[in-house]
Ligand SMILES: C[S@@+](CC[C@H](N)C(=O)[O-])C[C@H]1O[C@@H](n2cnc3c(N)ncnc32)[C@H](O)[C@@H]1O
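Before any questions on how it binds or moves, here is one chain, the form predicted on its own, in structure tokens.
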Amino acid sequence: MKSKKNLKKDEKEAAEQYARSFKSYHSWRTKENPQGWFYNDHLEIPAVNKLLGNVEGKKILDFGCGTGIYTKKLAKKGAVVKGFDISEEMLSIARKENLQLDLRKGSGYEIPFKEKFDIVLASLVVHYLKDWDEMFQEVSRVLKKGGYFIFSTGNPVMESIKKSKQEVDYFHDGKFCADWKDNTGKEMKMHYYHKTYEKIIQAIIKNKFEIVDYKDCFPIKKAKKIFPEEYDKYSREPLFTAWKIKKK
């Protein structure tokens, strides 16, 4: 088995990358950058909301809460929310946006909570983790029996389509990168780990979860008028996947 030191190298790298890009990320995810509304508000978030259902009164852990955007949405819907992230810079924004909530610095391999939650939500974050067995063990530890782990990530097939100058082999689980912008607007690389559908499903089964529901993220109708090009492209090409799995 790999050492904890080695397991943390992937998250350390993610933290360093978000330290370079947290301002541009938050701008992308908020009204300052309208294009960001499409990929999140019009594509990923609606699919995840369908999997979440009514969250009023539910105790939810926001796994990799970033700048607290999902955290705020869930709290407004009446959920009891706590969260954590590997990036102190991202958390600095999240805490300003969510003054009353318990948001901690932590790792997906060492979740900084001991209590049990009804739902653990990980929005577009699990692909930064190399070892999903370690991740699932930690999620299971903080999840009630019968509780749900809801996570979204890139579509494994779409990841095999050439991005930037790098070709991703669908059948090769490995480390790849996507083009991002840093806090100054300069190009940078954001690393992630590609996994096939087979490996994702095997990890779910191996770690004693069962698949309850699944969504290929499809853009909502109002995006067609606001973002016609993106709507046309991603109503034909599945960019993100969203999974709802249950702890046995």
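Throughout, we count residues from 1 along the sequence that is shown. Note that the coordinates shown come from a computational prediction; the quantities given were computed from them, not determined experimentally.
There is another form of the same protein, the form predicted in complex with the ligand; it is not shown, and what comes next is about it.
- Note on the partner interface in the model of the complex: the residue among Ala94, Leu124, Ala79, Ile119 having a heavy atom within 4.5 angstroms of the ligand is Leu124.
- When you look in the model of the complex, the only residue of Ile150, Leu143, Ile86, Leu103 with a non-hydrogen atom within 4.5 Å of the ligand is Ile86.
- Pro219 falls outside the set of residues with a heavy atom inside 4.5 Å of the ligand in the model of the complex.
- At a distance threshold of 4.5 angstroms between non-hydrogen atoms, Phe227 is out of contact with the ligand in the model of the complex.
- In the model of the complex, the ligand lies farther than 4.5 Å from every heavy atom of Tyr231.
- Contact annotation for Lys58: none of its heavy atoms lies within 4.5 Å of the ligand in the model of the complex.
- The stretch among 67 to 75, 169 to 177, 153 to 161, 95 to 103 whose residues place heavy atoms within 4.5 Å of the ligand in the model of the complex is 67 to 75.
- Shown without its partner, the chain has no residue in segment 202 to 238 with a non-hydrogen atom within 4.5 angstroms of the ligand in the model of the complex.
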